[in-house]
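Encoded as C-alpha cells, the following chain is the form predicted alone, with no partner shown.
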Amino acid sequence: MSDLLRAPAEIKYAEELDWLESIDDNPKPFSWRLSPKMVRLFILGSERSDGLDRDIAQKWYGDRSFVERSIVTLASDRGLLLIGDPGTGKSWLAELLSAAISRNSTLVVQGTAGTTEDHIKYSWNVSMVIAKGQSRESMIPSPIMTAMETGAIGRFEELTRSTSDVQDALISILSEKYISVPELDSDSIVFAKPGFSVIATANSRDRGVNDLSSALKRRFNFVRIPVVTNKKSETEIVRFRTEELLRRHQIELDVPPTLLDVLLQSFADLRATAAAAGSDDEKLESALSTAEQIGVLEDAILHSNFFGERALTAHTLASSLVGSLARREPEDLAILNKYLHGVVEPRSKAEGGSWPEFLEGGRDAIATLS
C-alpha cells in the first residue's frame, strides 16, 4: 500500500475488513461481504458495548442515522443519493459504504458536462471491432455495467453536473436493472445481479445546473449530509485527517491544540459572517466546509515542514487560511481583511495567546496578495 498515492478504502482497511468478515455471523443481504450491522460498525467505529476483541476506528464523523438510512437504502432496490454542501464527506461515505459492502469502491463515474451515456453504459474497443466485429469481447463495460454484472455497488459522483440525457439513461438502469446492447445479435442484454445498487452524490450548491427530473428522484432515497458545526465532531475530523497526512508524508510535527482551536474558531467566525451577509458579494466564495479546514491545516503543515522550522506557527496558519480562502480579488480579500480588523484584532487584545501572531500572519498574507 505504501507505493500507492492514495489507496482506496478496501485496500487501506483490508486487514480490518477481513477480520470483521471473519467474525460476522449476522444475516447479509444479497452478495454483501458484511452484514448491515458490521457495515455500520466499520464506518462509525466500535464501542465498548460491542464486545469486540479489538477496536475499530471511526472513519466518518456524522449522525448515526445518516449511515443507517444509507445502509437500509442499499439493502433495498433503490439507489442512494447523498446530497449536501461541498466538503461534507459525501464521497468519503460513499467510498466506505462500497468498500464494506462490495470490497470495491473504484467502480466510479465522474459526472461532468462531458459525461456521456457511454460512461454509464458501454463503449467499444475500436481496433477489436475492426478486426473481429462487435461482440462482448470487444465491448468495454462502464463501471456501472461492471457493478451490475458483479452484483456490486456503482458510484456516480456529482450527478447534477451531468446532462439530462445521461440522467435519463440512469433511470432505466435503476428501474429495469438491465442494459440493452442492440449492436449484438445474441447475449444482447446485461442483467444486474443481486446486490447491485448505485450511490450518487450531488452538491446542493449545484442546484439549477442540471436539476434531477422527478422520474430520477423517485429512483433514489435522499440522504442530506449537513455541514458539521459541532465543535467536538469537527475537531475529531480535522485531527483524524491530519494524523493521516502526517503518516502519509512521514512528517514528525506537532499540531498544538491551541492552534487547532484558532483554526476552528476562525471558520466558525467566518461562517457566522456569511450567514449574516446580505448578498453573495459579502460572503466568501468558499463553502467554509470541514474539508477546507483540513486543506488549510494541511497547507500550513507542509509549508512548516519544508520551509519553516518544522514547527507549526499561528503566523503560518493565518497565511495558509488567507491563501486558501481568498479566491476572488478584491472581494474575498476585503472580507478577510474586515474579519481580521473587526474580530481577530479585538480578540488578540482581549485574549492574547496565539491570536496576535495569527493576526500578524493574516495581515502579511493579505498585503502580499493585494
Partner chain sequence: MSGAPEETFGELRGQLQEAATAFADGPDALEGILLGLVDDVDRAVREPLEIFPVCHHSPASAIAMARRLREKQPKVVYLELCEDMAPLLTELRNCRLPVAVQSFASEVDGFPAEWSPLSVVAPITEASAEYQAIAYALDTPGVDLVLVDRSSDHVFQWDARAGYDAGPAGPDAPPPEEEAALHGDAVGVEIGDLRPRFAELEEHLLRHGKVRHWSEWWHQYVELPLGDSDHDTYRQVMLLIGSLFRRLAPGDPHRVRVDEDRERYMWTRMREHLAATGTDPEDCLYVCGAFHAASRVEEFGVAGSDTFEITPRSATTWLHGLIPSSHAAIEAQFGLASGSVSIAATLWAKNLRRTRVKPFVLAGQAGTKKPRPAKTTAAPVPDLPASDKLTGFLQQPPVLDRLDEAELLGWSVEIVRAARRNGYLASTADAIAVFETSILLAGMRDRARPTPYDFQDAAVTCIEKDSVPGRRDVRRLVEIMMGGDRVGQVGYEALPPLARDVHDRLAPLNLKLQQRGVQRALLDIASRPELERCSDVLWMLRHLMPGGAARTVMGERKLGERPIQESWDLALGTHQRALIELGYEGVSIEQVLEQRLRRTAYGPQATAATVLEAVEDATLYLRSRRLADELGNRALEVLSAERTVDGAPEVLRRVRRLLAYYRTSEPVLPPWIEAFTKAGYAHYCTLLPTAFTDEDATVRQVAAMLGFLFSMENLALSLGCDRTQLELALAQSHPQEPSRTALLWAAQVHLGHLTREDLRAKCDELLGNPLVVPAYPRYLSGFVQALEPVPGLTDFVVEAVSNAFGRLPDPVLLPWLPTLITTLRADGAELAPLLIREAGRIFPGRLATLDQWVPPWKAQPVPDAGPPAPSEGGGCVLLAAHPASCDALAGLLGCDGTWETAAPDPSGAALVGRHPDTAVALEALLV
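Treat the numbers as computed from the prediction; the structure is a model and nothing was measured. Residue numbers count along the first chain shown, from 1.
From this point on, the text means the form predicted together with its partner chain, which you will not see here.
When you look in the model of the complex, the only residue of Ile237, Leu270, Val255, Ile71 with a non-hydrogen atom within 4.5 Å of its partner chain is Ile71. Only one of Ser186, Ser214, Ser279, Ser127 comes within 4.5 Å of its partner chain in the model of the complex through a heavy atom, and that residue is Ser214. Annotated contact segment (heavy atom within 4.5 Å of its partner chain in the model of the complex): 220-228, selected among 98-106, 178-186, 193-201, 220-228. Not displayed here, its partner chain is approached by Glu47 to within 4.5 Å at the level of heavy atoms in the model of the complex. Within 4.5 Å of some heavy atom of its partner chain in the model of the complex lies at least one heavy atom of Ser76. Contact check for Leu246: no non-hydrogen atom falls within 4.5 Å of its partner chain in the model of the complex. Looking at Gly323, you'd find every heavy atom of it more than 4.5 angstroms from its partner chain in the model of the complex. Proximity of Lys37, Ile83 and Lys232 to its partner chain in the model of the complex is complete: all three residues have a non-hydrogen atom within 4.5 angstroms.
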